[in-house]
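Next up: a single chain in structure tokens, the form predicted on its own.
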Amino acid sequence: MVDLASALSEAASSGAIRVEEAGLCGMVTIRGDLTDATFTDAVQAATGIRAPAERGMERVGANALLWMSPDELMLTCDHDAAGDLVGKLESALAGQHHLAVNVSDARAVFRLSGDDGAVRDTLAKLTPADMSVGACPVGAVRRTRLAQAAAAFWFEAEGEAMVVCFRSAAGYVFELLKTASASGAEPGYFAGD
């Protein structure tokens, strides 16, 4: 039997904010025509979650569907449930052009928590994305870069962001987030935003 392990064994750092690896998370990439109601209805039937609007997310319990691109969604779920959900998606989408792949073990997930302005400041140091509340509200998904690494992030709540990157870049991304959130290095740009 294989002992599953997350990319960084739940590494954590506390500075201006808390940065921690979220541990094992289930993730399923779903690709297809998001403008086709037959496709999105089938995804909803398999997952119990309606397709989100552009750059948005929809959550039901512990599972969420995230908009990743015009033809791609990401389903987040319990790590152990990802394989079964791929099977449900394959059945619901049979006969339609689609892709449903369990990518859980190819990704690393980090949770950033603390003062909302400090979380936004940390991300703003690393990404070209506009981190203001108006441009990146709770529930909006951003697929972008953190320095030289491809990443996606979203705010679960004010002061709590989730960051996803490739597992192979987990150490690099953790060190970026740790350095950008070091105590005493806060620019205070988003203070009072």
Partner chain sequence: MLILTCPYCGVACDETELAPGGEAHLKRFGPGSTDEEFEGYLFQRENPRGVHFERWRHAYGCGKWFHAARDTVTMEVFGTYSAQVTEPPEEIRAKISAKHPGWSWREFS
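Nothing here was measured: the structure is a model prediction, and the numbers come from that model. Numbering follows the first chain given and starts at 1.
The form predicted in complex with its partner chain is left out here; the points below concern that form.
Just one of Ala46, Met57, Leu34, Met68 comes within 4.5 Å of its partner chain in the predicted bound form, counting any heavy atom, and that one is Met68. At the 4.5 Å threshold, heavy atoms of Ala149 reach its partner chain in the predicted bound form. In the predicted bound form, its partner chain stays beyond 4.5 Å of every heavy atom belonging to Thr38. Its partner chain in the predicted bound form comes within 4.5 Å of no heavy atom belonging to Arg50.
Within this chain, Pro128 lines the site of its partner chain in the predicted bound form, having a heavy atom no more than 4.5 Å away. Of the candidate stretches 38-46, 154-162, 139-147, 58-66, only 139-147 contains residues with a heavy atom within 4.5 Å of its partner chain in the predicted bound form.
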